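Single chain ahead, written as structure tokens, the form predicted alone.
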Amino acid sequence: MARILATDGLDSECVKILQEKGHHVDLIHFERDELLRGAISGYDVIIIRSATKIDSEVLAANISPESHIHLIIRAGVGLDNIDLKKASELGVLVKNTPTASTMAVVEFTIGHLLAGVRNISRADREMRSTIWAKKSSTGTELSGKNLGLVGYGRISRGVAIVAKALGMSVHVFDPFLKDDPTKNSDVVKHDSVESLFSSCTHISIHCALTESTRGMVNYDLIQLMPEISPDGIVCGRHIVNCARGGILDEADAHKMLKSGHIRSLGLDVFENEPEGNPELSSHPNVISTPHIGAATSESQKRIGMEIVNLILSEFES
């Protein structure tokens, strides 16, 4: 029997399956000070989402010759909230669920793009204030525009499929492609992120947060974006980040929103979570959401079942 802790929730059906297999499951969220006092040291498996950070200090506080932590599972794609090097040194296996939330984030990204170019959130806020802002809510279409994708993994490729169906031309930059999924396709591949931004009025971020990507999308890079699309429309500049907070420099983005250089900004992730950035979110041309790109009933069930399979294969093989 494995002692399993899900710090940020787990689908109830998946909990039931694990319990029926004889495993003990706790759904308890611990704050950082509790983690540093060894709150999770008695568990074999730790399941986390983005709200829990397992860094080197937390690992050191909870792993000893007497502790039982064997496996850490990130319910989602990114592993930036786990110190992988330290976990490996301590003999802790780390896994994630890279495919389960793909479609949810793809749809959400497209939703942010549409909300930005069609002023949906701003018009809704004005309607709630009894303002009939028909003329000032005129937007632009996605069709006929260049969409630049920073990173070209599973989610980004899904976004590309939908964007092309909407009539967009898709451009990508990803220096880490092992194969070339753009070969023999109508996706335009760029050799530098500067080239990508110089070619696209619409940008969607899909890379991991690393030392090299932290603050990468900044004033200088955004300054390169054109405001006139290939179809001759002055559509302005639009950026969406549903990947990781910190890749976009929020201070630079706010400055460029206030100057009008950025027409719309869609954010599902922030440099500081769960605090977010209230000043940035209050700008009328910002659509901000609390890191809910993967938060659909369908994806949570898929994530849960993937976690169940990972645990069962590890402890019942």
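Keep in mind it's a predicted model, so treat the numbers as computed, not measured. Numbers for residues come from their place in the sequence shown, where the first is 1.
Same protein, other form: the form predicted together with a small molecule, not shown, and the subject of what follows.
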property	result
Which of 110-118, 76-84, 230-238, 170-178 sits within 4.5 Å of the small molecule in the predicted complex, heavy atom basis	76-84
Contacting member of N62, S288, S50, N277, with respect to the small molecule in the predicted complex [4.5 Å, heavy atom]	S50
Heavy atom of S101 within 4.5 Å of the small molecule in the predicted complex	yes
is_contact(I307, the small molecule) in the predicted complex, heavy atom dist at most 4.5 Å	no
Close approach of H206 to the small molecule in the predicted complex, 4.5 Å, heavy atom	no
is_contact(R244, the small molecule) in the predicted complex, heavy atom dist at most 4.5 Å	yes
